[in-house]
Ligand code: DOR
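As structure tokens, one chain now follows by itself in the form predicted alone.
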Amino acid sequence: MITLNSPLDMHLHLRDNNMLKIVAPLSSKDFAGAVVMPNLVPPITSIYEVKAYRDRIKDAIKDDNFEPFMTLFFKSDYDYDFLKEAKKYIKSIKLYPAGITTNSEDGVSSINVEELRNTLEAMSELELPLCIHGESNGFVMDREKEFVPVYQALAKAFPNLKIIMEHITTKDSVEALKKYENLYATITLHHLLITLDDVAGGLLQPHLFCKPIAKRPEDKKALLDIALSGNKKVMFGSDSAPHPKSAKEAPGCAAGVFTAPIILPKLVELFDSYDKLENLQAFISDNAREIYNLTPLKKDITLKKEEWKVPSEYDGVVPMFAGQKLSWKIQ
């Protein structure tokens, strides 16, 4: 048996409307809080939209003890006064390269240090972290590796800015993380478990297709090594990204792995398999508190070694490990 204190998901997609009502309670029952991504249609770019979206989330989760940590969709024309007011309602700002992932068409077309300087200097002064989906538009297996120099340039140009490398998937990103004091990272559950071979090595597995795409065995090993170690620069971010079954099992398969219902049982199973359960609390909560300067809601989640079967779907949304048995269960 293990009890986790105030588990946090530092990268979560809750979508909106009916999908929000389906998936939000699956995170709010197991977690004390989560950083909620702003890439809706249209994206969240104003204080009014942040507050309205937060209200819709709170309505969807009912009375669950859960705090949505809100974010803004990055724009290069945010000024200091706007960001100072926005900081009352958000925890970070998320930068997307234009068109690189789901609902990112309004993202940044060119990540040039000088073009972004005014906004990033204001964020530095206000101590607002910058979260980045770090991929180029090159060959799909090389996109994250090709983006590492951008992380390095930003880290050097804005040494007081906390930069979160979101959902890293490569050993190159792990190496960059270690070199720069102001670089941090989120790591997903699915990238700790799968490689590209699991997605497309046999019959195509659409529910494992995501962006950034799963990489090579040596990349997965680098992620596992740093996550299992309790390293203070990495924290859990699920990137749980729900899509209707009809959008996943279709031509033009939507990118995203829906992990929300199975995160904590599978993480405990994973850390236990490596005899590293003592480091799970840091990965699932403590590191995030320090990086984001958070005091989360108090919420203890206890798991017991007990077998259970993952449902095949949740109102038309298929989870990772659908229909399979897991060895740890939330009490």
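A residue's number is simply how far along the shown sequence it sits, counting from 1. Since the model is a prediction, treat every value here as computed from it, not as a measurement.
Not pictured, yet referred to below: the form predicted together with the ligand.
Chemist: Sort through 116 to 124, 199 to 207, 142 to 150, 97 to 105 and report the only stretch with a non-hydrogen atom within 4.5 Å of the ligand in the model of the complex.
Modeler: Stretch 97 to 105 is the one.
Chemist: Using a 4.5 Å heavy atom cut-off, which residue among 245, 87, 211, 220 comes into contact with the ligand in the model of the complex?
Modeler: Among 245, 87, 211, 220, a heavy atom within 4.5 Å of the ligand in the model of the complex occurs only for 211.
Chemist: Considering non-hydrogen atoms and a 4.5 Å limit, does the ligand approach residue 174 in the model of the complex?
Modeler: Flag for residue 174 set to no.
Chemist: Does the ligand get within 4.5 angstroms of any non-hydrogen atom of residue 287 in the model of the complex?
Modeler: Output for residue 287 is no: heavy atoms all beyond 4.5 Å of the ligand.
Chemist: Examine residue 241 and determine whether its closest non-hydrogen atom to the ligand in the model of the complex is within 4.5 angstroms.
Modeler: Because a heavy atom of residue 241 falls inside 4.5 Å of the ligand in the model of the complex, the answer is yes.
Chemist: Would you classify residue 167 as touching the ligand in the model of the complex, given a 4.5 Å non-hydrogen atom cut-off?
Modeler: Yes.
Chemist: Give a yes or no on whether every one of 162, 186 and 233 sits within 4.5 angstroms of the ligand in the model of the complex by heavy atom.
Modeler: No, because 162, 186 and 233 lack any heavy atom that approaches the ligand to within 4.5 Å in the model of the complex.
Chemist: What are the residues of 244 to 262, in order along the chain, with a heavy atom within 4.5 Å of the ligand in the model of the complex?
Modeler: Read in sequence order, the residues that approach the ligand (within 4.5 Å, in the model of the complex) are 255, 256.
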